[in-house]
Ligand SMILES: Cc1cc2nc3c(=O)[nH]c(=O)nc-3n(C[C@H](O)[C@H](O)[C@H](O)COP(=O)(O)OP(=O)(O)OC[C@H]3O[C@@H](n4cnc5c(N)ncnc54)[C@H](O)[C@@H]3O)c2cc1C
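A single chain, nothing else alongside it, follows as structure tokens in the form predicted alone.
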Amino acid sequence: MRDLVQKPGLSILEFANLKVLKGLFQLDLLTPFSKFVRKYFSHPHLIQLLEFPVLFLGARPSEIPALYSLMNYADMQLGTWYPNGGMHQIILAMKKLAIELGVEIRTGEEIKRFEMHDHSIQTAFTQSRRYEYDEIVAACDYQHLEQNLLDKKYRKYSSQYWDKRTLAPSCLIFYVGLNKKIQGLLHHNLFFDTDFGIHAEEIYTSPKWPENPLFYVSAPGKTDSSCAPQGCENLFILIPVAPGLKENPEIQEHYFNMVIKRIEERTGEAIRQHIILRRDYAYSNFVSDYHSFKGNAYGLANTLNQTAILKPKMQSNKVKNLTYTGQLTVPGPGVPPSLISGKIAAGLIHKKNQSHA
């Protein structure tokens, strides 16, 4: 796995290595995930548990390479890791290290346009400032930067290319604060009380708002007491949905009532009358906050024809000092892959600068 995910995906020659090629065959790259799971398991509940994570990768289990069984291995064998204080602590730790290394961090300044010189980005303009650049690492939405901030002659991909990409899901999220503890939940909870196959079809085959979706609930207070005031509970509820589905208040209310009712039924606890905080997050938020392409939450689907060298390239062949990173390029979506993507991008720039020295 270390050999595979550290590749920048620029050329097929990166895989011209006996160890890497052997690893690809060991990971059943050409076997569908659904077939691979059924090779070892027959009980429908176990199959659902193993196939559910694939729902977020952008296709049904029958269309995802068995390579992604590595996700199951990580969950079950390596365990789920959680930083006390919440996932934001990872960001704070990176910020602390960056500042110690002399990095100046500026937030709340969105890049509005670039000024080019000799096929390089020379200047970037925000609403009120201008910045000069030697190198740019673009960790924002790949499609947004390329299609909206670069002139057409500097784009590697066309709008048609992006429209033909298969995207991973978006999601409808509810952040809920309760003035009581819920005993019937763990830190991580998956609700499999409806049909997995139907929900998968409503995301990928016939995209529409699901009738009875599966969903995920996190109650981080079970692990971390700092997540909520004493005697209270902090819930994160996520429903995976097809990308591009625009929400409205009626849709949000419908699904909120549905999931709260199902949580109450499964846990045997009253929840609704104990809600003291609620925040919804959906398609329009992903677009407005992140310029997320079609409101996706998880980048490109990890289908075989969108894996490794077949993902959008990290380095632009039209702009000399532009390197992309993040969930729309290699190795893919998720916190660990996105962090690895940043490491790969840094390595590419370092290698380029060394060759020019």
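Note that residue numbering begins at 1 and tracks the sequence as displayed. None of these values were measured; they are calculated from a predicted model.
In what follows, reference is made to the form predicted together with the ligand, a form of this protein that is not presented.
Peer 1: With the ligand left out of view, choose which of I136, C227, I111, I271 has a non-hydrogen atom within 4.5 angstroms of it in the predicted complex.
Peer 2: Exactly one residue meets the criterion: I111.
Peer 1: Scan I251, L214, L185, L149 and let me know which has any heavy atom within 4.5 Å of the ligand in the predicted complex.
Peer 2: Contact check passes for L149.
Peer 1: Looking at 46-54, 27-35, 304-312, 285-293, which one sits within 4.5 Å of the ligand in the predicted complex if you count heavy atoms only?
Peer 2: Of the options given, it is 285-293.
Peer 1: Please run the contact check for H119 against the ligand in the predicted complex: heavy atoms, 4.5 angstroms, yes or no?
Peer 2: The answer is no: H119 has no heavy atom within 4.5 Å of the ligand.
Peer 1: In the predicted complex, does Y298 come within 4.5 Å of the ligand, counting heavy atoms only?
Peer 2: Close contact exists here: in the predicted complex, Y298 approaches the ligand to within 4.5 Å, heavy atoms only.
Peer 1: Examine H144 and determine whether its closest non-hydrogen atom to the ligand in the predicted complex is within 4.5 angstroms.
Peer 2: Flag for H144 set to yes.
Peer 1: Is there a heavy atom of Q327 no more than 4.5 Å from a heavy atom of the ligand in the predicted complex?
Peer 2: Yes, Q327 sits close enough to the ligand in the predicted complex that at least one of its heavy atoms falls within 4.5 Å.
Peer 1: Note that the ligand is not shown here; using its position in the predicted complex, name the residues of 300-337 with a heavy atom within 4.5 Å of it, in sequence order.
Peer 2: If the 4.5 Å heavy-atom criterion is applied to the ligand in the predicted complex, 300-337 yields G326, Q327, P333, G334, V335, P336.
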